[in-house]
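First, one chain by itself: the form predicted alone, in structure tokens.
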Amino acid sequence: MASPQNFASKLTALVVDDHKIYQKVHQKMLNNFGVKSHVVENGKEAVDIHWHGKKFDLILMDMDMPIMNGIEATKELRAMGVCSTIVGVTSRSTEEEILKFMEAGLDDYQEKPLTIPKLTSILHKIINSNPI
């Protein structure tokens, strides 16, 4: 099977996180795979960018953010008909919090920090479910 690097250059991603360090780390990891990425700082910005017509193959969504958290943003994006793969990436890890986040419409959940193997797995799932 081809590696994600062979196809990831055709993918786009939105990083939704209020922490600058995680923004940079996740964007650099995506860029290393050739994924074109954009960063916003909260859920409202993620919703707004979709209202303005931008579409992404992958959304990496933090849970705890100001203005609009990841749970609210995920629910809103799904209500808008956004079909992107949304992966919750957060340091919150109680079963109840994970369940609330998943029920909001996540496709996957990963604990921070996101690692290369975790990102590789996410990209494989996207590529396998959407042949490019």
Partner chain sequence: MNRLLSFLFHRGVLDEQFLQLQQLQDETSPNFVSEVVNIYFHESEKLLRNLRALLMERELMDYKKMGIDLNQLMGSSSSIGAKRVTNVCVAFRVATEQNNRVGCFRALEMLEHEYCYLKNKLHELFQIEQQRDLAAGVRYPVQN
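None of these values were measured; they are calculated from a predicted model. Residue numbers count along the first chain shown, from 1.
Same protein, other form: the form predicted together with the partner chain, not shown, and the subject of what follows.
Given a 4.5 Å cut-off on heavy atoms, tell me which of 43-51, 70-78, 101-109, 29-37 is the interface stretch with the partner chain in the model of the complex. The contacting stretch is 29-37.
Using heavy atoms and a 4.5 Å limit, would one call residue 121 a contact residue for the partner chain in the model of the complex? Looking in the model of the complex, residue contacts with the partner chain do not include residue 121, since no heavy atom lies within 4.5 Å.
Would residue 10 show up as a contact with the partner chain in the model of the complex if we use heavy atoms at 4.5 Å? No, residue 10 sits far enough from the partner chain in the model of the complex that none of its heavy atoms falls within 4.5 Å.
Within 33-59, which residues come within 4.5 Å of the partner chain in the model of the complex, counting heavy atoms only? The stretch does not touch the partner at all.
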